[in-house]
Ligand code: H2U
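As a starting point, one isolated chain is supplied in structure tokens, in the form predicted on its own.
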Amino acid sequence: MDFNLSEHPHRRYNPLKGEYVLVSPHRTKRPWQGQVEKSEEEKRPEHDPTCYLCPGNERAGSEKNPNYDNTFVFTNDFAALTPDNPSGSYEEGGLLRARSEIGICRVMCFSPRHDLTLPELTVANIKKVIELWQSEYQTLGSSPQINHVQIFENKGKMMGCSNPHPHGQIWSQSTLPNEATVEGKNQGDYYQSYQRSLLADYLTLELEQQERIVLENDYFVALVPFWAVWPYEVMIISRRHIQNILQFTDEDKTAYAEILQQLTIRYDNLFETSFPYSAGIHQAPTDGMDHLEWHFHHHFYPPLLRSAAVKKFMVGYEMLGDPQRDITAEMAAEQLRNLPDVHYKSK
């Protein structure tokens, strides 16, 4: 019997993280008796007087929002990191270690409309979101105390999002967090060996095979990574080998807005629900170095598995061994690729 990626259990390697995921495609043939029905969607007003992110409303920290009519960003009233944290460290026996960490956390509203999400915004409005990401990356990253800027979005109650108003967050800090450290090292090792970008070479392979591509335009490609862990995980990669969002041209910004809109529309259309996910941008540190090894990309980690109510859990073997998935990356990409490009609410 010849080995077949779509039939037989196997482990797939993630070169960005140096880790493996167990793929068990034969398990998709087993009977499923779980929920498959659509979830009831909450209808929200354009402006909610009780929402601490809506224009003109008082925030949880007693500050009042301006009557903004586009994007809006402010320092988190209950930030996980603060810029005035006292320096210090703790060490005991070489095994118990802690060190003070400083940073700045920002909250960014994508729109004044309380009832919209990213896929329901226009390309022009998403482009304004991108431009604010650029501004925050530059402003926060220019501080000598800040060496990493993490732009991310948690969407939906399932992902722990406490407010449905369309928004994301930006956490900046003095040291590189674990994920950025690992991705940076593996990209650095590859660049040192070949003098080429790891993700540029990977993207070349994906474009040749066309099995895991979801969307593409002249500037960006959205694909289900070969090593994806989450059922409908997607990564957006810039075609050009650029290190950070400040290197975007105006054409890049428009194309990026288009692919963000189209990807998130397909997510919502998959189970005809406001699709939850955690998503974030990985780009070069802001420590003043060139970091030619880094290649701009955007991760999307959605938990839904079979319907709007059924999510994937990381349990058992996955907590003690490797991550595991049944639906192959190729199957997931085909499903997303074939979905309508018009949001289901517009039908």
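Residue numbers here begin at 1 and follow the sequence given. None of the values given here were measured: they were computed from a predicted structure.
What follows is about the form predicted in complex with 5,6-dihydrouridine-5'-monophosphate (H2U), which we do not show.
Novice: If the criterion is a non-hydrogen atom within 4.5 angstroms, does every one of Val234, Ser278 and His299 touch 5,6-dihydrouridine-5'-monophosphate (H2U) in the predicted complex?
Specialist: Answer is no for this spot.
Novice: Is Ile130 near 5,6-dihydrouridine-5'-monophosphate (H2U)? Define near as a heavy atom within 4.5 Å, in the predicted complex.
Specialist: Close contact is absent here: in the predicted complex, Ile130 is far from 5,6-dihydrouridine-5'-monophosphate (H2U), nothing within 4.5 Å, heavy atoms only.
Novice: State yes or no: in the predicted complex, is some non-hydrogen atom of Tyr219 no more than 4.5 angstroms from a non-hydrogen atom of 5,6-dihydrouridine-5'-monophosphate (H2U)?
Specialist: No.
Novice: Check Gln210 for me: does it contact 5,6-dihydrouridine-5'-monophosphate (H2U) in the predicted complex (non-hydrogen atoms, 4.5 angstroms)?
Specialist: No, Gln210 is distant from the partner.
Novice: Quick one: does His167 come within 4.5 Å of 5,6-dihydrouridine-5'-monophosphate (H2U) in the predicted complex, counting heavy atoms only?
Specialist: The answer is yes: His167 has a heavy atom within 4.5 Å of 5,6-dihydrouridine-5'-monophosphate (H2U).
Novice: Within 4.5 Å, heavy atoms only, one stretch in 183-191, 74-82, 199-207, 89-97 touches 5,6-dihydrouridine-5'-monophosphate (H2U) in the predicted complex. Which?
Specialist: Contact-bearing stretch, as computed: 74-82.
Novice: Of Asn178, Ser162, Thr249, Gln145, which residue is found within 4.5 angstroms of 5,6-dihydrouridine-5'-monophosphate (H2U) in the predicted complex when only non-hydrogen atoms are counted?
Specialist: Partner contact (heavy atom, 4.5 Å) among the options: Ser162.
Novice: Select from the listed residues Met314, Met289, Leu320, Ala60 the one whose heavy atoms reach within 4.5 Å of 5,6-dihydrouridine-5'-monophosphate (H2U) in the predicted complex.
Specialist: After the contact test, the surviving option is Ala60.
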